[in-house]
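Heads up, what comes next is one protein chain in two forms, each shown on its own as structure tokens, labelled structure 1 and structure 2.
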Structure 1
Amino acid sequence: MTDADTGRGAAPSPAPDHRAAARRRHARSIAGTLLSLALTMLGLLLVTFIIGRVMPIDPVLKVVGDRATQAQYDAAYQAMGLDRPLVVQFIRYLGEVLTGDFGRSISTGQLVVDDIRRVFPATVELATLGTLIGVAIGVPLGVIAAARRGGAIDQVARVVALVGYSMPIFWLGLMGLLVFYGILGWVGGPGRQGIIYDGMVPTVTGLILVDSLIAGDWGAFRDAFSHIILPASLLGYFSLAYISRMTRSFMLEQLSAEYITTARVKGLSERAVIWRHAFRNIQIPLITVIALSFGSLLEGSVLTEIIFSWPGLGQYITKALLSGDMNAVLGGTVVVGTCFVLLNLLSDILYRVLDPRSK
């Protein structure tokens, strides 16, 4: 008796391999992220290239000087490849940047990549400590302000955020130096270290606090901490203003959700409702906020570095811009832009790891 005689059809086809489909989706997601990263970097390099061409600064004169003859000027012009079409110049610029070649700084006489390698750790250290201060104070402040909406803490948080957005950073920096260094003597003065400890700690990471701990030099650590705490606190204040405001906004949205009402009806304590339920659900967007805040401190600490004579990337770019050193300006701009792109990529990766639904 055949299957047709018994009325039975052919054996059903095997179910689709869900794991293989998930792997394909994951691979497409990674490919899309990498393509987006490549296009973003290409756009960044294109913008910096255009900036270098539209700036009212003649790079040839910066090399040969004002007293060079026309023949010397023309020779330098051709040697720098400025006589070629812009497309060819951009391709050449793209290849140089991808190999880490930003040219030579006119101001220092050193390779720009070496200068950046020397000054960038100071900015990273300052921005990292500022971000840690902002997160340590801003997140709890935003959570408590949302939990006690309309109360005294909420009003304080809103005033803190408003002042943080409104107060000029250079004024706060000068007042901080006057009060805490000039009058009270609680912190170290401008600079990254005192003269006594300058150059005494072997450079391992470029981060003075970390290198002094590695060397076991507690005197150098205390001196470095006394110099960094004031500018880092200043940046941390602006960071916590942004982080606390966004945390409060995220928490208010969660606390008004139905699942929070259900949790309260079930008899959960208010502490458990706020921290175990509502706060857990804002961690993912909060990661993006913190990453953007850190990136903002990396590129936005120019005035702080100038006020406190902090030898970081912001001060380096500013001095290069004032002296017409476009190689240094463009090199620093590319580094800051790359940091923003990588921080966004990192936050996207963490978002996907913490929230499987986004995969």
Structure 2
Amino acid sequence: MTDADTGRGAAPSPAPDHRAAARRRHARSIAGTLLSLALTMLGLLLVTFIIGRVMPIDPVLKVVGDRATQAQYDAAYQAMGLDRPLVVQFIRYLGEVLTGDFGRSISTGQLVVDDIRRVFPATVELATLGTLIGVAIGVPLGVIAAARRGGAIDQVARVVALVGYSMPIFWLGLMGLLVFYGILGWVGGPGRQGIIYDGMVPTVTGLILVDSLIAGDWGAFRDAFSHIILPASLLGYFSLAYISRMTRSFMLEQLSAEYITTARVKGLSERAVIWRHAFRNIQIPLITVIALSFGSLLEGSVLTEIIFSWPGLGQYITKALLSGDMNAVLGGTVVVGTCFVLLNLLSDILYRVLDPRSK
């Protein structure tokens, strides 16, 4: 182990100043984050894999169908590698995933990577717009409700949130379609695009709103917008119910704090007290709330996707689960898991940016 010694000897001697120490701490924390990320993903894959193998659905039957002979069944069973021990199957799968090969989906016959590249942008587009709507309305609503506690707006906000929590999305979605598409004709029907625009915009990002802008095709943009606005508003409504309630309770907590009383005593305007003092202090927890709500929308809202014939990740994973299509389920799980991890990371970074103590 001599070269290990030379290696150590070649390392720069530790700098005495604080900055180098901080950098080392930082590097360690990044390494730690990456390690825990890898372990999280491994655990996620393992659990999903085991659930997939023990659930009482026969994936081979899905491939060969009800009419297959025993010989055809056995051939497919072997081709899918199911004859090998579970551990071997899992290690093999991990090896393939590390090389970017998620296998082929048995419910679409296509590569899982291609499937996800197609369905995930649809979900991202919907979830992003939904969250934007939820934040744009939910945050101000929550702040005002807290500022005028017990007032008319607070009551309205409460009812809005209550309805949002308790109304089945299935029903709301159908009613929305019936009213805004069926009766008023204000929005487009189910699907991401109208028939005449289908396939007209070249795929760059997979987000049709963005792609149509890149192509400079206003007609396609308008069409895509008219299709997305209703399901996005619906998702936005649900996230707004959650976000406004959380904003309100964060605000109430701040408004009862002593520094607010001090600020008021000093004669600051109510507006400044609320927005410049209290609101600034709830930004950090609020970001976590928003990130979590965005994350849950990214998993894909299965019911919304079904009602609006939205070819997104939620429908994809659900269908894959029901047909024992484990390659697709695992691929989707990796995507959703990665999203949550990234969102966590993002909110960590935003914490640092927004928290004056970390400057």
Partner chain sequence: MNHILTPRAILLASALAIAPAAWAETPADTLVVAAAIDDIISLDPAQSFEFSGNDVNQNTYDRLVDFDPLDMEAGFKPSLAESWEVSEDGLSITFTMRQGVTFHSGNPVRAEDAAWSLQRAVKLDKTPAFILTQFGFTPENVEEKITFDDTTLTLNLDKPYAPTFVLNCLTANIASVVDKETVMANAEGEDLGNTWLNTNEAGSGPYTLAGWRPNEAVQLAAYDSYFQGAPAMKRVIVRNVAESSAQRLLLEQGDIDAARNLSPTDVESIAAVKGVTIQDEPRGRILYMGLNQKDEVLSNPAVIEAMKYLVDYDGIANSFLKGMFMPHQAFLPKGYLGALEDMPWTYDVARAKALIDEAGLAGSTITTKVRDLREYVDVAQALQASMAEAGLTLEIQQMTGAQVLDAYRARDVPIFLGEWGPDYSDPNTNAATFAYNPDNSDEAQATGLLAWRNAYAVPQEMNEATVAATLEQDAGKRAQMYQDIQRQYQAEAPIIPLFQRVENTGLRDTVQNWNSGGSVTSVMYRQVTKGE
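The term rigid core refers to the maximal set of C-alpha atoms that superpose within 1.5 Å between the two forms. Each residue is numbered by where it sits in the sequence of structure 1, with counting from 1. Computed from a predicted structure; not experimentally measured.
- By the stated condition, namely the form predicted together with the partner chain, the second structure is the one that fits.
- If you fit the rigid core between structures 1 and 2, you'll see the Cα of Gln155 move by less than 2 angstroms.
- Relative to the superposed rigid core, the position of the CA of Thr318 differs between structures 1 and 2 by 2 Å or more.
- With a cut-off of 2 Å and the rigid core superposed, Gln89 has a Cα displacement that reaches or exceeds the cut-off between structures 1 and 2.
- Per-residue C-alpha deviation between structures 1 and 2, core superposed: Gly32, 4.0 Å.
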